[in-house]
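Here we start with a single chain on its own, the form predicted alone, put down as structure tokens.
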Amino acid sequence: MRARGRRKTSYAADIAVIHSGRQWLTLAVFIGLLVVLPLVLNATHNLNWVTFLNFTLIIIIAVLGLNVTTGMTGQVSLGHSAFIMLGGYGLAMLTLKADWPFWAALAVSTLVTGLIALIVAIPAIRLKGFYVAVVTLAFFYIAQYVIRNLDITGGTFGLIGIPSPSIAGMSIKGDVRWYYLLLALTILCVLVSVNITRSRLGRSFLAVRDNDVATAALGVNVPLTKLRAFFVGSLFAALAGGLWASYVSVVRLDQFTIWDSIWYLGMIVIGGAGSTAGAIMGVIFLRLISQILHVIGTSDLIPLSSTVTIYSTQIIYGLVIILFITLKPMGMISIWQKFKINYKRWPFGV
């Protein structure tokens, strides 16, 4: 087995994500471009694109969590927005009502959301497919009902004035500062997701997804593995929810809808279920469609009302998901993998 002319002599080298100095250089250049990008957008007075990037980074973190639960383990969850919502409300209540510092509140709200996810997962771990989706969907509506009827959550009005984080005494305010914080956290979450995939736990997730009966016969505790998947996935979701709430400084029920959970599933389908890179591709692809339609709708070329833009975006989302399920069920990551194989073979044939 060879990689760019070098023989792999260990299992660690075989499963390594980056195999050569050229790939390290490419990664460094890519990260460098991401670091410079907001400065260029700010200098060219395109801060709306920085805002777009910030929300995209938050959604990537959330979808990485759903990729663990659904993409890797095969547990179809329609309640992912509920875990994002719990993370946002948890941070808001701890910072506004209990006067906790941001980072402590974020850590506790994330952990508590993970524990709640374990409770939700208990009736779902022995179910499959549609039935798991129904359980998680029910939890979404239960969570919204509880939050709507509690005074501490602000009811239907939500909570306003959620503080921004600070690092070494520097407050994270403004889109550019938020971008760098979110970029750092997103990179950290990507590293965690990649290493989960390559770990023993990640292989258990994938085995349960592919054939839970055979996996149980091999000695893997399938119910416990599903519980772990829900727990890990909800941690990503709660982290994204807390960052979302602080970034917009307000948290309300109408920010978290069942449609969000559906589109998050669509992002995994489009990108490629079970793949960290695929999840990121799916998020960026659908987010770019939304942003392009928004730019067209607000331009003088084809002026559209906000309502028309929203419905057009949803229609295109649905069509794209259907096309990928029909034509490319393995997602965009399969296209990328095929391109890499053909590139390595060129010019000796494809």
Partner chain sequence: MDAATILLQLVLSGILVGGVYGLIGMGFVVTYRSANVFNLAYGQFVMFGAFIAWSFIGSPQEPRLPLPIALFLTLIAVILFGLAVEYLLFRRMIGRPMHATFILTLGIMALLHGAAMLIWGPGVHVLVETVPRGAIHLGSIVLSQEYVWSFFLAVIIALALALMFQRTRLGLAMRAAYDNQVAARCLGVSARMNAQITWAIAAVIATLGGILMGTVHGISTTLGELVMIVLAVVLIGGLDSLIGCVLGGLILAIGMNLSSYYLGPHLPGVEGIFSMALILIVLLVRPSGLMGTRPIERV
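Not measured: the values here are computed from a predicted model. Residue numbers count along the first chain shown, from 1.
Keep in mind that the form predicted together with its partner chain is missing from the display, and what follows is about it.
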Pick from Leu253, Leu137, Leu94, Ile172: which residue has any heavy atom within 4.5 angstroms of its partner chain in the predicted complex?
Leu137
With its partner chain left out of view, choose which of Leu27, Ile292, Val40, Val308 has a non-hydrogen atom within 4.5 angstroms of it in the predicted complex.
Val308
Since the chain is shown here on its own, which stretch among 129 to 137, 95 to 103, 242 to 250, 175 to 183 would lie within 4.5 Å of its partner chain in the predicted complex, judged by heavy atoms?
129 to 137
Check Tyr89 for me: does it contact its partner chain in the predicted complex (non-hydrogen atoms, 4.5 angstroms)?
no
With the partner left out of view, is Trp259 within 4.5 angstroms of its partner chain in the predicted complex by any non-hydrogen atom?
yes
4.5 angstroms heavy atom contact with its partner chain in the predicted complex for Ala277
no
Heavy atom to heavy atom, is Gly155 within 4.5 Å of its partner chain in the predicted complex?
no
Quick one: name the residues from 309 to 345 with any non-hydrogen atom within 4.5 angstroms of its partner chain in the predicted complex.
Tyr311, Ser312, Gln314, Ile315, Gly318, Leu319, Ile321, Ile322, Ile325, Thr326, Leu327, Pro329
